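Take a look at this single chain in structure tokens; it is the form predicted on its own.
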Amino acid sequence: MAYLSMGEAHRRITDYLNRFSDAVFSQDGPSLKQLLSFSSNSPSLLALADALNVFQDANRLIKQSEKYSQYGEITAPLFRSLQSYRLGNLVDTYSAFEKAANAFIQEFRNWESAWALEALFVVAYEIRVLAERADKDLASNGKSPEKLKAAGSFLMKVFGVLAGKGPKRVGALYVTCQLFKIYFKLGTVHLCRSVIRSIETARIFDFEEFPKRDKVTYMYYTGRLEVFNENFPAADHKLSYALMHCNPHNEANIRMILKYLIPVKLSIGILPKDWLLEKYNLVEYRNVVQALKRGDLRLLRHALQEHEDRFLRSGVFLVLEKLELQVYQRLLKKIYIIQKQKDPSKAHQMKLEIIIKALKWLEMDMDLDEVECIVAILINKNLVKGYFAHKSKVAVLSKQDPFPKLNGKPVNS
């Protein structure tokens, strides 16, 4: 850092305090927002941090002036937080920022209009990001990471402030999405339920009045929750909504949505085009799709094994594993087509030993009992129409539509 005189440090601090007071007095939300954006690493905030580390008596400046002191409970801990941030002490950064954020919320309650909503969004975003970084520091020093959980508790208070009648309520969905990010990060997704219930059942909220950006994020996270619950029709609806309304130029976000939407679509019998997988770098699904097209169980299992870590991290491994039934259906359909070409009159009679031979060709060794069990499950799940002739070990297929399509519906549970 270049030499900084005491006079220049004093000037920078008073300039910030003036800008903060003026922004509140004139209800200038955009200006107030910029004064709170720590993680943006803006040159003016970094310059202020340097000034605070030179001029160590900023609290006295705040107390001396009535103009500054009325917001001193926000700015004093904010200054401490900024000093710690500049010095790389992220645990102290978070603790001081949380104190400033609590004071900000108290002021925000008293402001009748929603002029400071964007500034509140910055506070909500910063507290989550700073908590994540503080927890990394704690974990690396062998201590228990606890700040992100504390940030979640703080944001629930913020949600309570916004969940009332009046213009501020449109900010509730943004805070909800920040909460989702925390709960997913902590692995406590069950905590999402109470917030979702408030958003979707409370009469004060009209989903359509929320900003588009927040609706997309909300549908993405609630869609992911439906994937975990294996409620694929609901997951399809929510993730498709997120994809349809997502900024078409934001390829990173589109990829994040598709990472979950593709397994959902596969589960209801809809296969993505190759160009889509290529364009959004989702090539881990390519062999899964090919396995479904070919009825190739070996290829499916190889694809799941090859990308197991990635699929497990995303939480879609079990969803993809259950595609085996569709692969078996496709294999039987291919056998049926070949038999129909050879002898149309007997195509609907499928000997189990033929299925065993087809699986052996795929290097999948199964005995008669295993294959009989699989075919029974396919019939039970309505993936195959027909019945067993147990004595002759033959699956007798329906002459009318023996392999029903899913048509956008999940396999019967």
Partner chain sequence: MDWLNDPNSYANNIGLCGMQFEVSCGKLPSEPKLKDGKLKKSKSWETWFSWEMAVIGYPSSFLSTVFVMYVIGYFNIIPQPNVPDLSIFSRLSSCIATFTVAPTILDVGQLARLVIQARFGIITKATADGALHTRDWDTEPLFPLPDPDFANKESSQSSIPVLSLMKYKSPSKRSKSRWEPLPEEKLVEKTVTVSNDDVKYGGWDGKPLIGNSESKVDAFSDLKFSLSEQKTLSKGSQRPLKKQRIADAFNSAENGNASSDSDKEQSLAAYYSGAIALANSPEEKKKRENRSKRFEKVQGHQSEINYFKPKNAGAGNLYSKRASALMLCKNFDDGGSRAVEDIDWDALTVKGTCQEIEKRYLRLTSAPDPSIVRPEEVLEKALLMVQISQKNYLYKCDQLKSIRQDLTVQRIKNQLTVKVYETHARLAMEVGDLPEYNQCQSQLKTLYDEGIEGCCMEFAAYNLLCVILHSNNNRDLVSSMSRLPEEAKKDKAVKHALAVRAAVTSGNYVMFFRLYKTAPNLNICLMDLCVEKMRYKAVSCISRSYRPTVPVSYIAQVLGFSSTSEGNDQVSVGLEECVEWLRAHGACLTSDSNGEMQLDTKASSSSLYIPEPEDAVFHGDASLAVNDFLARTSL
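Numbering follows the first chain given and starts at 1. None of these values were measured; they are calculated from a predicted model.
Keep in mind that the form predicted in complex with its partner chain is not shown, yet the notes after this line are about it.
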property: Every residue of Glu308, Gly315 and Ala376 near its partner chain in the model of the complex, heavy atom within 4.5 Å; result: yes
property: Heavy atom contact within 4.5 Å of its partner chain in the model of the complex, the stretch among 338-346, 67-75, 320-328, 233-241; result: 320-328
property: Non-hydrogen atom contact Leu277 with its partner chain in the model of the complex at 4.5 angstroms; result: no
property: Close approach of Phe207 to its partner chain in the model of the complex, 4.5 Å, heavy atom; result: no
property: 4.5 Å heavy atom contact, Asn41 and its partner chain in the model of the complex; result: no
property: Exercise: Leu117 in contact with its partner chain in the model of the complex, heavy atom 4.5 Å; result: no
property: Contact residue in the model of the complex, from Val189, Met156, Val289, Ile196 (heavy atom within 4.5 Å of its partner chain); result: Val189
property: Contacts with its partner chain in the model of the complex - residues in 344-374 whose heavy atoms fall within 4.5 Å; result: Asp367, Asp369, Glu370, Glu372, Cys373, Ile374
